[in-house]
Every structure is written in C-alpha cells, then in structure tokens.
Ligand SMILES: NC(=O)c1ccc[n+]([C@@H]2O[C@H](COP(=O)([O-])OP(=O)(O)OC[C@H]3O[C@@H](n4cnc5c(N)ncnc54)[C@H](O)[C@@H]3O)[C@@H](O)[C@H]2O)c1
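Here's a solo chain for you in structure tokens, the form predicted on its own.
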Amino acid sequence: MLKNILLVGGAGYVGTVMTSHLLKKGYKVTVIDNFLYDNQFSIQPYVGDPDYRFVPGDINDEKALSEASKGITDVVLLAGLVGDPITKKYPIESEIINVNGIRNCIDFFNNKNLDKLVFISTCSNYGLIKEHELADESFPLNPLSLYAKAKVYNEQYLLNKKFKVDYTGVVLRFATAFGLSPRMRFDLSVSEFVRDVFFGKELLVYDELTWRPYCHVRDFARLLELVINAEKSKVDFEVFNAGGDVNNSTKKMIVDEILKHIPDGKITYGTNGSDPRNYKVSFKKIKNILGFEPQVTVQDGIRELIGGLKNGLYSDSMDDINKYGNFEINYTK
C-alpha cells in the first residue's frame, strides 16, 4: 500500500524538509499545522503537488485531526513550541501545546489503523552530564527546561501505551538541527553563528567548550523514512538517539570551522551563559539497528549556508528576526 504520511506540525523548520524528501521519494504527504509563527510562506513549494495535502488546524482540535487523518498510514509528531527560550516565554501555551496537545494526539491516533506513530523528542532531555560520559538511550534523563520536561513527559506517556494501542510507537531524540529549510531558523547554533559572522556582527559565544550533538535536517528526513519502513520488531516502542557520532561538536569547533571560510570574523567568548546544557551522545543504537549514519557533517552545513548567504538568500534575516526563528507566536484558543 502506498504510504500517506501525516506530519503534525509539518510546516516548520524540520517538517518542510521532510515534506520535500518524502514527496521526491513518491510518498503522499498530509500536513496539519496552525502556522504558530505566521509561517504560511513555508508550504508554498508544495501546494499544488497532487501528492500533498494541507489541513489547517490545531493539535487540540479533534475535528481538525479527524480531517487530517483521512487516508493516512503513519504519523510523525513534530508539533510544538520548539526550544528552551520560547517555552520559557510562553509557559501557559507550552503546557497547552507541548504537553496536552501531544498527549491528545497520542490518544487520538489509536484505532485509526496506523502503522507507526513517531514522536520527535530531543537529546536536550539529557541536560548536563559529566565530560567523560556518553549518553545512550538508557542514560538518566535530566531535563532542564520546560521544553525538555514536556518531551520527557510525553515520551513516557507514549511508551506506556505499548500493548494498549494498535500502532507501533517510536521515539526519536533529535540532535540539534542545522541546514537550509523553506522555514529557515537562525536561532539555532550553527545557522546563528554562520549568519552573524557572515554579516560582520560580533559573535558572543558563551561556554564555548560545551558539547552538543547536531544533525542536518535532510538526514532527519532520511532517518524518518527509514523508521517508517522499518520492521516492527526493530522499532516497536523503542527510543533512539537521532544523529551520528561524527556531529558531536563543541561551540568552539563550530566557530573554528566558520573562521576557515570567514577569517576576519569577530568572535568574543564568555562564561556562564543562560544555557547550561552540555552532553555528548551515543548514536550506536540507531546505527546498529537501522543502519543510519548522517551523510551531512556540520562542516558541510556551514559551507552550504555560507554559499546560500553569498547568493543573497536570507538577506533580510538580520532585520526580520521573527520570520527566521521561534521568538513570537500567534496562538489564540
């Protein structure tokens, strides 16, 4: 049967790249999104494609979910206020969307004859770990923000549904995303650093030796396809760190790579920034079970973005801040 994949929150930074990948591979794609960030422009490349269907709606609206679920075979839960700053700024909306909304979807999609339901979680769940430690999927979780706490809550909520629902649940703990997207974000480390240095702004980097895993959005799209087509026995209510060892990087490693291309960049280092997270992550499980390894390195992503900026892409990104990041939301209930 031809797969028809529902991307819940599919008009965002990751979802639009997944849409592109899946359409190119011959899948049907349905997206439900409420354009929380006034990002209607992000779906323009796909509207009109006969294999693409868009349903405007909120994840707490069962009528909209019913409309979106017509004919679908699999669901990917991407929706939410993504990131620590935005959830801190909008704690009430965070509870409504990131906690209640995702929980509502986990319940709603039972008895809909789905194959898989994939919940997109985050490696931020590991929080702050010791320098010599490597976090695998069984490592103790230490969420430090409302964002990560909601992810941990809904991971557990989904995992507790094993044997109680008719779909195969999967949790993917995403590394920090980078790469070009129709809904581009410059509030993520790699893209923010590159943009600021490219436009001659002095870049202040806090705690430059802290580690974080990264993954290109196109690799996330490839991984999603792998998971959706995986044998049930390999992924059934399993948790996977999503990324690859090659892209475990410190902030300073990213800056040093940027300076290879823009040697006159202005960099200042500081300590005790507002984001204390520091974690190196093991991606052995996803490599061994699904054969997944990233094809795009952080170094590739830096070159890709610099090339785009040189071609005039995102020339308004220093001025139109809200268009290019998760800073302000338009959410009314």
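In this text, all values refer to a predicted model and were calculated from it rather than measured experimentally. Residue numbers here begin at 1 and follow the sequence given.
The form predicted in complex with the named molecule is left out here; the points below concern that form.
Exactly one listed residue, out of Gly57, Gly273, Gly308, Pro45, brings a non-hydrogen atom to within 4.5 Å of the named molecule in the predicted bound form: Gly57. Listed residues Thr168, Thr176, Asn247, Ser94 were compared with the named molecule in the predicted bound form; Thr176 is the one with a heavy atom within 4.5 Å.
Residues of just one listed stretch (133-141, 77-85, 158-166, 248-256) have heavy atoms within 4.5 Å of the named molecule in the predicted bound form: 77-85.
Shown alone here, Tyr126 lies farther than 4.5 Å from the named molecule in the predicted bound form, counting heavy atoms only. For Val99, no non-hydrogen atom is located within 4.5 Å of the named molecule in the predicted bound form, even though that partner is not displayed.
Residue contact with the named molecule in the predicted bound form: Asn154 places no heavy atom within 4.5 Å of it. When the named molecule is considered in the predicted bound form, Phe35 lines it closely, a heavy atom lying within 4.5 Å.
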